[in-house]
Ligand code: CAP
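A lone chain, given as C-alpha coordinates: the form predicted alone.
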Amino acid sequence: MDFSEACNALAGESSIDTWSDILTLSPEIAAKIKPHVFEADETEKMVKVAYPTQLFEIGSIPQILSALAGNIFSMKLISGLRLQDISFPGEVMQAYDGPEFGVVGVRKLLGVRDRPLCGTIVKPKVGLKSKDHAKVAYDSWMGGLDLVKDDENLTDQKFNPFEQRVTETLQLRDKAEEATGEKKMYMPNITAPTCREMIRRAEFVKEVGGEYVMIDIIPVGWSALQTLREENRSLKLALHAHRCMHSAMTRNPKQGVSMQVIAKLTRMIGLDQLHIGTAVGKMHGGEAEVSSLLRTCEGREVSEDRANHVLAQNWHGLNPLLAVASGGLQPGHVPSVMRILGKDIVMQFGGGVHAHPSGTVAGAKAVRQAIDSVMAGIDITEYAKSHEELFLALEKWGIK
(Lines give C-alpha, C1' and ligand atoms only; values in the text may rest on other atoms or scores of the structure.)
Protein backbone atom coordinates (compact mmCIF):
# COMPACT_ATOMS: atom_id res chain seq x y z
CA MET A 1 0.00 0.00 0.00
CA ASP A 2 1.14 3.53 -0.70
CA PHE A 3 2.53 5.22 2.43
CA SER A 4 0.27 8.26 2.22
CA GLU A 5 -2.75 5.98 1.74
CA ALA A 6 -1.80 4.05 4.88
CA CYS A 7 -1.46 7.32 6.84
CA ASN A 8 -4.92 8.45 5.78
CA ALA A 9 -6.36 5.04 6.64
CA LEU A 10 -5.06 5.03 10.20
CA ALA A 11 -6.17 8.64 10.74
CA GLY A 12 -9.65 7.75 9.51
CA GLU A 13 -9.88 4.59 11.64
CA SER A 14 -9.19 6.76 14.69
CA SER A 15 -12.19 8.92 13.95
CA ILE A 16 -14.92 8.89 11.28
CA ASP A 17 -14.03 6.12 8.80
CA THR A 18 -14.91 2.46 8.59
CA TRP A 19 -14.10 -0.31 6.09
CA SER A 20 -16.78 0.77 3.60
CA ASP A 21 -18.62 3.92 2.59
CA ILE A 22 -21.50 4.64 4.97
CA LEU A 23 -24.64 6.65 4.28
CA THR A 24 -24.81 7.97 7.85
CA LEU A 25 -21.69 10.11 7.39
CA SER A 26 -22.89 13.40 5.98
CA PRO A 27 -20.58 15.90 4.28
CA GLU A 28 -21.36 18.33 7.09
CA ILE A 29 -20.17 15.92 9.79
CA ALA A 30 -17.10 14.99 7.79
CA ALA A 31 -16.12 18.61 7.26
CA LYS A 32 -16.48 19.38 10.97
CA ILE A 33 -14.67 16.48 12.64
CA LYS A 34 -12.44 14.77 10.10
CA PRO A 35 -8.77 14.41 11.03
CA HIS A 36 -5.94 15.93 9.02
CA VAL A 37 -2.66 14.26 8.15
CA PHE A 38 -0.43 17.32 8.16
CA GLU A 39 3.01 15.70 7.94
CA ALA A 40 4.11 12.35 6.55
CA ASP A 41 7.75 11.33 6.24
CA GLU A 42 8.04 8.14 4.21
CA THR A 43 11.78 7.82 4.85
CA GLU A 44 11.34 7.93 8.62
CA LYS A 45 7.92 6.25 8.42
CA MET A 46 6.54 8.98 10.66
CA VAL A 47 3.13 10.59 10.41
CA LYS A 48 1.53 13.47 12.30
CA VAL A 49 -2.24 13.74 12.52
CA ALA A 50 -4.36 16.57 13.90
CA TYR A 51 -7.74 15.74 15.42
CA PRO A 52 -10.47 18.25 16.33
CA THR A 53 -11.31 18.30 20.03
CA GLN A 54 -14.97 17.54 19.26
CA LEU A 55 -13.94 13.91 18.73
CA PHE A 56 -13.02 13.46 22.38
CA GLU A 57 -14.49 13.38 25.85
CA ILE A 58 -11.90 15.88 26.94
CA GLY A 59 -11.64 14.83 30.59
CA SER A 60 -11.37 11.11 29.85
CA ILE A 61 -7.93 9.60 29.28
CA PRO A 62 -9.50 6.17 28.51
CA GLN A 63 -11.65 7.61 25.71
CA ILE A 64 -8.77 9.61 24.25
CA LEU A 65 -6.60 6.49 24.15
CA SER A 66 -9.41 4.37 22.74
CA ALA A 67 -9.57 6.82 19.85
CA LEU A 68 -5.88 7.50 19.24
CA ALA A 69 -4.46 4.07 20.11
CA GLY A 70 -7.40 1.72 19.74
CA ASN A 71 -8.41 -0.21 16.63
CA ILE A 72 -5.65 1.27 14.51
CA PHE A 73 -3.19 -1.20 16.09
CA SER A 74 -5.30 -4.10 14.74
CA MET A 75 -5.48 -2.94 11.12
CA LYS A 76 -4.19 -5.60 8.73
CA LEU A 77 -2.77 -3.03 6.34
CA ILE A 78 -0.18 -1.93 8.95
CA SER A 79 2.49 -4.42 10.03
CA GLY A 80 3.89 -2.23 12.80
CA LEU A 81 2.67 0.93 14.52
CA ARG A 82 3.90 2.99 17.45
CA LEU A 83 2.32 6.03 19.10
CA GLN A 84 5.32 8.23 19.85
CA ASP A 85 3.74 11.32 21.40
CA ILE A 86 0.63 13.46 21.73
CA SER A 87 0.41 17.23 22.08
CA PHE A 88 -2.74 18.69 23.64
CA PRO A 89 -4.26 22.19 23.30
CA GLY A 90 -5.18 24.31 26.29
CA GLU A 91 -8.84 23.29 26.14
CA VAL A 92 -7.78 19.73 26.96
CA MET A 93 -5.01 20.51 29.44
CA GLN A 94 -7.30 22.67 31.56
CA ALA A 95 -9.55 19.67 32.21
CA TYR A 96 -6.82 18.00 34.31
CA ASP A 97 -5.51 18.73 37.81
CA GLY A 98 -1.85 17.92 37.35
CA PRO A 99 0.27 16.96 40.39
CA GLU A 100 -0.83 18.17 43.80
CA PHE A 101 2.78 18.17 45.08
CA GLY A 102 5.27 17.47 42.30
CA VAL A 103 8.88 18.58 42.66
CA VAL A 104 8.37 21.59 44.96
CA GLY A 105 5.65 20.00 47.08
CA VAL A 106 7.49 16.75 47.76
CA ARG A 107 10.65 18.66 48.70
CA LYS A 108 8.56 20.74 51.11
CA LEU A 109 7.03 17.60 52.64
CA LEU A 110 10.48 16.19 53.36
CA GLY A 111 12.26 19.44 54.11
CA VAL A 112 15.00 18.61 51.58
CA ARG A 113 15.72 21.52 49.26
CA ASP A 114 19.06 21.22 47.50
CA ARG A 115 20.04 17.59 47.03
CA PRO A 116 18.42 14.60 45.32
CA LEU A 117 15.92 12.68 47.41
CA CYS A 118 17.01 9.13 48.13
CA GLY A 119 15.03 6.06 48.98
CA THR A 120 14.84 2.30 48.90
CA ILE A 121 12.51 -0.55 48.10
CA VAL A 122 12.17 -3.13 50.86
CA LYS A 123 13.83 -6.35 49.71
CA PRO A 124 13.06 -9.17 49.25
CA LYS A 125 10.11 -7.95 47.20
CA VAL A 126 7.75 -10.44 48.82
CA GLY A 127 8.01 -12.92 51.68
CA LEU A 128 8.81 -10.73 54.68
CA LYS A 129 6.32 -10.59 57.52
CA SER A 130 4.98 -7.17 58.47
CA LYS A 131 7.26 -6.81 61.49
CA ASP A 132 10.35 -7.74 59.46
CA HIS A 133 9.32 -5.42 56.64
CA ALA A 134 8.99 -2.53 59.08
CA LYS A 135 12.45 -3.26 60.53
CA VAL A 136 14.07 -3.10 57.08
CA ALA A 137 12.36 0.24 56.52
CA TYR A 138 13.55 1.50 59.92
CA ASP A 139 17.16 0.53 59.21
CA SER A 140 16.98 2.32 55.86
CA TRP A 141 15.76 5.52 57.48
CA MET A 142 18.34 5.29 60.26
CA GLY A 143 21.06 5.09 57.62
CA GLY A 144 19.88 8.38 56.14
CA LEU A 145 17.38 7.56 53.40
CA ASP A 146 14.34 9.82 52.98
CA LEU A 147 11.87 7.39 51.45
CA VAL A 148 10.95 3.73 51.73
CA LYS A 149 8.43 2.09 49.44
CA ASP A 150 6.81 -1.26 48.81
CA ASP A 151 7.71 -3.12 45.65
CA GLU A 152 5.24 -3.44 42.79
CA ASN A 153 3.99 -6.93 43.65
CA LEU A 154 3.51 -6.43 47.41
CA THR A 155 -0.08 -5.46 48.18
CA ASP A 156 -2.20 -7.46 50.68
CA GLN A 157 -0.78 -10.97 50.92
CA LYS A 158 -1.41 -13.30 53.85
CA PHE A 159 2.23 -13.23 54.99
CA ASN A 160 2.19 -9.42 55.05
CA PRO A 161 -1.35 -7.97 55.33
CA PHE A 162 -1.73 -4.39 54.07
CA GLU A 163 -3.12 -2.74 57.18
CA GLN A 164 -0.74 -4.48 59.57
CA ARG A 165 2.27 -3.61 57.39
CA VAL A 166 1.26 0.03 57.08
CA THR A 167 0.61 0.41 60.81
CA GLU A 168 3.87 -1.21 61.93
CA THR A 169 6.01 0.54 59.33
CA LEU A 170 4.59 3.98 60.13
CA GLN A 171 5.22 3.39 63.84
CA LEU A 172 8.89 2.81 63.07
CA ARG A 173 8.87 5.81 60.74
CA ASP A 174 7.93 7.97 63.72
CA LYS A 175 10.70 6.39 65.77
CA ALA A 176 13.26 7.02 63.01
CA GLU A 177 12.18 10.66 62.68
CA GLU A 178 12.63 11.18 66.40
CA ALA A 179 16.05 9.54 66.38
CA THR A 180 17.43 11.29 63.27
CA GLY A 181 15.70 14.66 63.37
CA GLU A 182 14.86 14.18 59.67
CA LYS A 183 11.47 13.81 58.00
CA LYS A 184 10.89 10.26 56.70
CA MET A 185 8.25 8.90 54.33
CA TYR A 186 6.76 5.48 53.62
CA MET A 187 4.92 4.65 50.38
CA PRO A 188 2.62 1.62 50.79
CA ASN A 189 1.36 0.05 47.58
CA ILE A 190 -2.42 0.62 47.39
CA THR A 191 -2.84 -1.30 44.11
CA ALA A 192 -6.06 -3.30 44.57
CA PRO A 193 -8.56 -5.46 42.68
CA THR A 194 -11.19 -2.68 42.59
CA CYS A 195 -11.15 1.12 42.60
CA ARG A 196 -13.29 1.01 45.73
CA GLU A 197 -10.68 -1.02 47.60
CA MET A 198 -7.85 1.13 46.26
CA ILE A 199 -9.50 4.25 47.68
CA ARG A 200 -10.25 2.48 50.97
CA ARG A 201 -6.56 1.63 51.33
CA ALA A 202 -5.58 5.21 50.57
CA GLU A 203 -8.02 6.43 53.22
CA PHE A 204 -6.59 3.97 55.74
CA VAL A 205 -3.06 5.27 55.09
CA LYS A 206 -4.28 8.80 55.75
CA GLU A 207 -6.11 7.75 58.94
CA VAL A 208 -3.01 6.17 60.50
CA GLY A 209 -0.74 9.10 59.72
CA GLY A 210 0.69 8.30 56.30
CA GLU A 211 1.39 11.04 53.78
CA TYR A 212 2.36 9.01 50.71
CA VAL A 213 1.04 6.09 48.67
CA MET A 214 2.20 4.28 45.54
CA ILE A 215 0.20 2.74 42.71
CA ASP A 216 1.05 0.39 39.84
CA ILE A 217 -0.24 2.66 37.09
CA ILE A 218 -0.38 0.30 34.10
CA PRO A 219 -2.00 -2.73 35.79
CA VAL A 220 -4.71 -0.61 37.49
CA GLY A 221 -5.57 1.40 34.37
CA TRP A 222 -6.30 5.01 33.53
CA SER A 223 -9.82 5.15 34.98
CA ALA A 224 -8.46 3.98 38.33
CA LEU A 225 -5.79 6.69 38.23
CA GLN A 226 -8.33 9.40 37.43
CA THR A 227 -10.51 8.10 40.26
CA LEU A 228 -7.58 8.15 42.68
CA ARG A 229 -6.63 11.70 41.70
CA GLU A 230 -10.20 12.87 42.15
CA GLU A 231 -10.44 11.33 45.63
CA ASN A 232 -7.03 12.72 46.50
CA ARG A 233 -8.31 16.28 46.28
CA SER A 234 -9.47 15.78 49.85
CA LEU A 235 -6.93 13.18 51.03
CA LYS A 236 -3.89 15.27 49.98
CA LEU A 237 -1.54 12.27 49.79
CA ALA A 238 1.58 12.34 47.65
CA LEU A 239 1.07 9.86 44.80
CA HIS A 240 3.97 7.73 43.57
CA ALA A 241 3.53 6.16 40.12
CA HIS A 242 5.26 2.82 39.58
CA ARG A 243 5.42 2.05 35.85
CA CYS A 244 5.68 -1.75 36.08
CA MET A 245 4.40 -3.51 32.94
CA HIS A 246 5.06 -0.43 30.78
CA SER A 247 7.64 -2.26 28.66
CA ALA A 248 4.92 -4.54 27.32
CA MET A 249 3.85 -1.44 25.38
CA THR A 250 6.92 0.78 25.24
CA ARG A 251 10.01 -1.33 24.63
CA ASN A 252 9.52 -2.45 21.00
CA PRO A 253 10.64 0.50 18.83
CA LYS A 254 8.33 -0.60 15.98
CA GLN A 255 5.15 -1.35 17.91
CA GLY A 256 3.16 -0.03 20.85
CA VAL A 257 2.98 3.20 22.81
CA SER A 258 6.03 5.16 23.96
CA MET A 259 6.93 5.90 27.57
CA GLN A 260 6.76 9.56 26.53
CA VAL A 261 2.99 9.23 26.14
CA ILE A 262 2.62 7.45 29.48
CA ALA A 263 4.66 10.15 31.25
CA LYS A 264 2.61 12.94 29.72
CA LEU A 265 -0.72 11.36 30.67
CA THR A 266 0.51 10.60 34.20
CA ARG A 267 1.41 14.23 34.71
CA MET A 268 -1.89 15.44 33.29
CA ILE A 269 -3.93 13.19 35.59
CA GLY A 270 -1.88 14.43 38.52
CA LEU A 271 0.32 11.82 40.11
CA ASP A 272 3.30 13.40 41.83
CA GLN A 273 6.26 11.26 40.84
CA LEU A 274 7.01 8.68 38.16
CA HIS A 275 9.70 6.12 37.38
CA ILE A 276 11.51 7.18 34.20
CA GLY A 277 14.55 4.86 34.24
CA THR A 278 18.15 5.44 35.18
CA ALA A 279 20.21 5.25 31.94
CA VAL A 280 22.48 3.03 34.08
CA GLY A 281 21.65 0.00 36.23
CA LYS A 282 19.62 -3.03 35.17
CA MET A 283 16.61 -1.58 33.34
CA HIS A 284 16.10 -0.83 29.64
CA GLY A 285 16.35 2.83 28.55
CA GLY A 286 19.39 4.81 27.42
CA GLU A 287 20.54 8.30 28.31
CA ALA A 288 18.71 10.04 25.43
CA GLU A 289 15.36 8.43 26.30
CA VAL A 290 15.64 9.03 30.04
CA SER A 291 16.73 12.65 29.55
CA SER A 292 13.80 13.22 27.22
CA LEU A 293 11.39 11.79 29.81
CA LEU A 294 12.90 14.09 32.43
CA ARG A 295 12.13 17.08 30.22
CA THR A 296 8.52 15.89 29.92
CA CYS A 297 8.22 15.56 33.70
CA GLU A 298 9.66 19.02 34.21
CA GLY A 299 7.74 20.62 31.34
CA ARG A 300 10.76 21.79 29.35
CA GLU A 301 9.38 20.85 25.90
CA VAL A 302 9.73 24.44 24.70
CA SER A 303 10.10 23.21 21.13
CA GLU A 304 9.80 19.99 19.18
CA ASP A 305 12.53 17.41 19.81
CA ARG A 306 12.56 15.58 16.50
CA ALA A 307 15.49 13.36 17.46
CA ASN A 308 13.43 11.78 20.25
CA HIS A 309 10.03 12.14 18.54
CA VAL A 310 8.77 14.53 21.24
CA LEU A 311 6.23 17.25 20.49
CA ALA A 312 6.23 20.64 22.19
CA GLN A 313 3.62 20.97 24.95
CA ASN A 314 2.28 24.01 26.79
CA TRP A 315 1.40 22.71 30.26
CA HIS A 316 -0.87 25.64 31.14
CA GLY A 317 0.30 25.86 34.73
CA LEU A 318 0.19 22.16 35.71
CA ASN A 319 2.84 21.35 38.31
CA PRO A 320 5.97 19.47 37.20
CA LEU A 321 6.15 15.74 37.87
CA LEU A 322 9.01 14.52 40.10
CA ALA A 323 11.17 12.03 38.19
CA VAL A 324 12.26 8.80 39.88
CA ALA A 325 15.42 6.89 38.92
CA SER A 326 15.10 3.28 40.03
CA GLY A 327 16.31 -0.11 38.84
CA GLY A 328 19.58 -1.74 39.80
CA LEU A 329 21.16 1.36 41.32
CA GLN A 330 24.03 1.23 43.81
CA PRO A 331 26.16 4.04 45.33
CA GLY A 332 28.73 3.89 42.53
CA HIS A 333 26.01 4.94 40.04
CA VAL A 334 25.25 8.21 41.83
CA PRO A 335 27.70 10.48 39.94
CA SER A 336 26.43 9.24 36.56
CA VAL A 337 22.75 9.50 37.49
CA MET A 338 23.18 13.03 38.82
CA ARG A 339 25.18 14.04 35.74
CA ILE A 340 22.37 12.83 33.49
CA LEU A 341 19.32 13.81 35.56
CA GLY A 342 20.47 16.58 37.90
CA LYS A 343 19.36 16.93 41.50
CA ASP A 344 15.58 17.40 41.25
CA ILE A 345 15.01 13.65 41.26
CA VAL A 346 14.38 10.70 43.55
CA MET A 347 17.04 7.98 43.43
CA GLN A 348 15.87 4.59 44.70
CA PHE A 349 18.20 1.76 45.65
CA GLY A 350 17.02 -1.78 46.38
CA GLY A 351 19.80 -4.35 46.38
CA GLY A 352 22.22 -1.40 46.30
CA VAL A 353 21.27 -0.78 49.94
CA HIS A 354 20.30 -4.18 51.35
CA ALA A 355 23.16 -6.15 49.74
CA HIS A 356 25.83 -3.88 51.26
CA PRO A 357 28.53 -6.01 52.94
CA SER A 358 27.68 -4.46 56.32
CA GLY A 359 23.91 -4.52 55.96
CA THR A 360 21.03 -2.12 55.34
CA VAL A 361 22.04 0.73 57.67
CA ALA A 362 25.51 0.85 56.13
CA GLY A 363 24.05 0.60 52.63
CA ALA A 364 21.83 3.60 53.29
CA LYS A 365 24.78 5.55 54.69
CA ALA A 366 26.80 4.74 51.56
CA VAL A 367 24.04 6.22 49.39
CA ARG A 368 23.96 9.46 51.37
CA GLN A 369 27.75 9.63 51.30
CA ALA A 370 27.78 9.20 47.52
CA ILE A 371 25.28 12.03 47.14
CA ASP A 372 27.26 14.21 49.53
CA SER A 373 30.42 13.67 47.51
CA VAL A 374 28.76 14.85 44.30
CA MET A 375 27.11 17.83 46.00
CA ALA A 376 30.49 18.83 47.45
CA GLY A 377 32.24 18.42 44.11
CA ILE A 378 34.60 15.77 45.48
CA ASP A 379 35.54 12.71 43.45
CA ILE A 380 33.59 9.76 44.84
CA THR A 381 36.70 7.58 45.10
CA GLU A 382 38.52 10.24 47.08
CA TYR A 383 35.49 10.78 49.32
CA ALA A 384 35.26 7.04 50.00
CA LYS A 385 38.74 7.03 51.57
CA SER A 386 37.33 8.71 54.67
CA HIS A 387 33.86 7.10 54.60
CA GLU A 388 33.93 3.37 55.30
CA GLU A 389 30.40 2.55 54.17
CA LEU A 390 30.94 4.13 50.76
CA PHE A 391 34.36 2.53 50.47
CA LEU A 392 32.91 -0.94 51.02
CA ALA A 393 30.10 -0.28 48.52
CA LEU A 394 32.54 0.81 45.82
CA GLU A 395 34.79 -2.12 46.60
CA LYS A 396 31.83 -4.49 46.07
CA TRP A 397 30.16 -2.89 43.03
CA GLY A 398 32.60 -0.36 41.59
CA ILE A 399 31.81 2.95 39.86
CA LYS A 400 29.56 2.77 36.79
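Source: prediction; values computed, not measured. We number the residues from 1 along the sequence you see.
Here the subject shifts to the form predicted together with this ligand, a form of this protein not shown in this document.
> Among 47-55, 371-379, 61-69, 350-358, which stretch has residues with heavy atoms no more than 4.5 Å from this ligand in the predicted complex?
Stretch with heavy atoms near the partner: 350-358.
> Would you please decide whether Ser258 lies within 4.5 angstroms of this ligand in the predicted complex, comparing each non-hydrogen atom pair?
Judged by the heavy-atom cut-off of 4.5 Å, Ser258 is well away from this ligand in the predicted complex.
> Can you check whether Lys129 is within 4.5 Å of this ligand in the predicted complex, heavy atom basis?
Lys129: no, not in contact with this ligand in the predicted complex.
> Tell me, yes or no, whether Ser326 is in contact with this ligand in the predicted complex, where a contact means a heavy atom of each within 4.5 Å.
The answer is yes: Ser326 has a heavy atom within 4.5 Å of this ligand.
> Residue-level question: is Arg82 within 4.5 Å of this ligand in the predicted complex, judged on heavy atoms?
Residue-level check for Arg82: no, no contact with this ligand.
> Between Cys297, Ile121, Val213, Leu271, only one gets a heavy atom within 4.5 angstroms of this ligand in the predicted complex; which residue is that?
After the contact test, the surviving option is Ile121.
> Taking 4.5 Å between heavy atoms as the contact cutoff, choose which of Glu177, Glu203, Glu163, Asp151 touches this ligand in the predicted complex.
Contact with this ligand in the predicted complex is made by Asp151 alone.
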